[in-house]
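Shown here is one chain on its own, the form predicted alone, set out as structure tokens.
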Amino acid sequence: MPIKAILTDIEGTTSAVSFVFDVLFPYAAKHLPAFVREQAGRADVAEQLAAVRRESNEPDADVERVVEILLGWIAEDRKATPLKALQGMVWEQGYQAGQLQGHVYPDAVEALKRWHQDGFQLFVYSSGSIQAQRLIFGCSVAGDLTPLFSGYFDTTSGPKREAQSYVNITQAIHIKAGQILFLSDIVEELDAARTAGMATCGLAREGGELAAHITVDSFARIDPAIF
């Protein structure tokens, strides 16, 4: 069954983990408190603050307490959907101000452009919000790469280490699981995608193997035709 679509992770796959942990997370931690205080009355921000209160079981938390909760979640790298949404809003301001530029490996840029030209549909699945994904690729060091992609998925589709999440994505893009190639640097994510019926390829940029999956150290070594 020939591959028709490629679904890729971001962190550690198309982009350096260090960009997320050393640039994006500190930027959000620094700017998120003021953003929340200043924008708490904005409808989309208020919606996410309400979600933070629900998820933390603190329905009466004031804005300052919500800020504390969010900073705690950032410190523990919690994959909380409202946190990811608010981080995306903060990062958007940073990208628009020219303070941030999305990191994408050159080999990933080249391969994604080639695959798009060859007719493969390209999708992203990351724990970062869809907004954050669009910003990384839209304001990347290689320019605006968003025209290459047909869609984006985040934790609203489910946790990345659960097979059902990949079933949900398969249903959303209307392509058979066996015709989707999933790329990631995390074995548990690759395992979940395989359980859902997808083809898989692991990225180990520093070398090594991701157990039970074809593993490469560069996008340049990925040939969708062999899966």
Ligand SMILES: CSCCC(=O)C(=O)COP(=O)(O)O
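Numbers for residues come from their place in the sequence shown, where the first is 1. All of these numbers come straight from a predicted model, not from anything done at the bench.
What comes next is about the form predicted together with the named molecule, which does not appear here.
- A residue is said to contact a partner when one of its heavy atoms sits within 4.5 Å of a partner heavy atom; Ala132 meets this definition for the named molecule in the predicted complex.
- Proximity of Lys79 to the named molecule in the predicted complex falls within the 4.5 Å heavy atom cutoff.
- Proximity of Ser140 to the named molecule in the predicted complex: non-hydrogen atoms within 4.5 Å are absent; the residue sits far from the partner.
- The named molecule is not drawn, but in the predicted complex it has a heavy atom within 4.5 Å of Ile136.
- The stretch in contact with the named molecule in the predicted complex, judged by heavy atoms within 4.5 Å, is 22-30, chosen from 22-30, 64-72, 172-180, 50-58.
- Although the named molecule is not shown here, in the predicted complex the stretch 78-92 places heavy atoms of Lys79, Lys84, Gln87, Trp91 within 4.5 Å of it, in sequence order.
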